[in-house]
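Only one chain is included here, represented as structure tokens and corresponding to the form predicted alone.
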């Protein structure tokens, strides 16, 4: 089976039309006809080999939504024609302690969709049946892709930290990750506060679900909120005044990081005194992704997206590199 795709043959090079042979489907594998695929900053990191794990040529794309084309003989819960999604992981071992306890996303042998294999900037992609997640009615293949990376990245902390509807939660940054966090937390029932250094984003943040907005460029803004938040979710990838954010946590409050901040330096005593904690998390397990999709369907939550035809992939990547997209870019299959 020939797959049509777009691939880069070296770091920092444009993507070009590319074809490869997929081979026979395995017993536990699923082939997906790609309808759309989101673009994530991780795709840029892989394209440019920032993590020293890229194998060229590389077909990026790990925020995939589409329709099942074929299933292996060992797949009994999925059927051709079914709308599904696929995120960062294509498979995990299914036998280690992490997989057996439901934490498949922490499997030491988990395989990324675009790590040593080809991803979703293509007309077809293949994955293990355990990581292919059905889309509930009401979740569109046009916009679902970013839920499988950015969406689950901010939904997973809500589950892992046992966030309650009565909690006060702040979101630092309201871009590609943060805007989905605002929508999830508002629907969860929390009092939601958006933190941003851009005061002109207040109206958009409130439209996305924030009840309050704080301009963190104001040096005294966090001091006024001392002891207020049950959780602060950091979605940005820059160093912050960590002590100031710790001070804004209530006793037993949690500062949870999902943005790839370069480092954390903080005073320990305020954490001990208030029994506060730092945390972080990667994407979620298949079960958590399924719960996220059900929640999104129930509350009519979807990411804010801008669509490009897949044939314009280089234009879309350039827009992401320049920092100009509104929230998430999605490529629509036009092979």
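A quick note: this is a predicted structure, and the numbers were derived from the prediction, not measured. Positions refer to the first chain, counted from 1.
If you look for the form predicted together with a further copy of the same chain, you will not find it shown, but the lines that follow are about it.
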property: Residue contact check: residue 80 to a further copy of the same chain in the predicted bound form, 4.5 Å heavy atom; result: no
property: Residue 200: touches a further copy of the same chain in the predicted bound form, heavy atom cutoff 4.5 angstroms; result: no
property: Proximity of residue 57 to a further copy of the same chain in the predicted bound form, heavy atoms at 4.5 Å; result: no
property: Touches a further copy of the same chain in the predicted bound form: residue 76 (any heavy atom, 4.5 Å); result: no
property: Interface stretch in the predicted bound form with a further copy of the same chain - options 110-118, 155-163, 136-144, 186-194, non-hydrogen atom within 4.5 Å; result: 155-163
property: a further copy of the same chain in the predicted bound form: contacted by all of 7, 11 and 23, heavy atom 4.5 Å; result: no
property: Contact residue in the predicted bound form, from 247, 175, 72, 259 (heavy atom within 4.5 Å of a further copy of the same chain); result: 259
property: Interface residues of 68-97 toward a further copy of the same chain, as seen in the predicted bound form [heavy atoms, 4.5 Å]; result: none
